[in-house]
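Take a look at the structure tokens below, where one protein chain is shown in two forms, each on its own, as structure 1 and structure 2.
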Structure 1
């Protein structure tokens, strides 16, 4: 599971028009997709249809860079959260004296599950097609303080490594006889605690090493920073921006008319 989620955060350089697109445009498209899943909450059939369209759009964009399978593995990694949503809905129906085994429950739950998945993956193509340098430049173009930009960029860089390290520790402990498939919740919790302890220690060591490296490089000594990576919009970026904005405006107008 950790390795699947790490795939969602890992950037890989490929030659594609989508990769060359301005990251600010891709960020805006991701916001449009996320907002679309939120505004179309009713009726349920329309919510499912719109969420499916968002998922299909993200899948097509990732297919162009050969990352569609990584998206499917990430969706499978969300199965625990999806089951939790179903359980909460069932408990809500039971608490109100309603029968959860009805078409209404199926429609409501299916709509929420599709919206949840679409909202999660709406930003996946942005993370998969934007390098850490472009991500930092995008945040800086929004006039965010550089300290926050650096922290967020470092999190994007090290999150996949952290998740992969968790998976490696779990696999190594399984080879030593630790049972992570036990049905006893207490034993399973203790096993995962044993896995997280070395990972947290290594993360702390890595953070101290990064702090020392930043200190050696005189981080923060100059207030007005310059950047080698500068974002410059092209004609194709403007065209994609106009088209995506027009499509989102059309969807918002449609939602207001319903």
Structure 2
């Protein structure tokens, strides 16, 4: 499981026009997609239609860079929240004295589920298509303090290492006969805690070594830090920006007229 998450976090460089698109434009498109799913809240058939269109757009973009399977995994990871949405809806119905076992309930709930999925997934348009460097550069261009940007990129850099280590500890303890598939939840929890202790100790040791290395790499030496990667918008970026903004404006107008 840890290995799967590690894989999700590992960005792979692929050559494609989408990857080359300015990350700020991608962020903006993600926001457009997100807002579109939010504003088309009724009637239910329209919101299902719009959400499906958004999902399809994101799926197609991810397909073009060979990352479409990640979309499925994202949705699977959401399943708990989806169940929660259904439950809340049912409670809402019952509290109003309505019967949740009707076509109306199914229609409304499924439209809400679709909107929820589409809203979350729309950010994949940004998150799964930018390199960590581009991600950091975007955050910096939004004038976020560098310490936060660094913390985030370092987390992306070190998370796979951390997860790999958890897997290693679990594997080695399994070899020593610790049973991670036991049905007893208490035992199981205790086994995981036991695996966690060496990992935490290692992490502490590692953070100390990292601090030392940062020191000799002059972290925080000057206030006006420069950057190696700079975002420069190309003509095509401006084109995509204008087209997507026009499309979004049209959708908003349609919604207002409806």
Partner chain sequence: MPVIEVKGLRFRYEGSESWSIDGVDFEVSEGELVLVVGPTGSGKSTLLRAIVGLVPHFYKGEYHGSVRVCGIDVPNTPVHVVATKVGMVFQNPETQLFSTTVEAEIAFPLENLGIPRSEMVVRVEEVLRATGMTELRKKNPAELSGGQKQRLAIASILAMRPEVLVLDEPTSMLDPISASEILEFVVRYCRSERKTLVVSEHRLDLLVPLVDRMTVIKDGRISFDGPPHEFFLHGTGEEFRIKPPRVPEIYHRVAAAVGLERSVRVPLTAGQLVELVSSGDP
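What you are looking at is a predicted structure, and each value in this text was computed from that prediction instead of being measured. The term rigid core refers to the most C-alpha atoms you can superpose between the two forms while keeping them within 1.5 Å. Residue numbers count along the first chain shown, from 1.
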- Query: Which number goes with the form predicted on its own?
  - Reply: 1
- Co-membership of residue 132 and residue 54 in a rigid part between structures 1 and 2: yes
- Note on the structure: Here the smaller rigid part turns relative to the larger between structures 1 and 2; that angle in degrees is 8
- Item | Angstrom displacement of the CA atom of residue 216 between structures 1 and 2, core fixed | 4.2
- Task: Align on the rigid core first, then pass along the CA displacement of residue 152 between structures 1 and 2 in angstrom.
- Result: 3.6
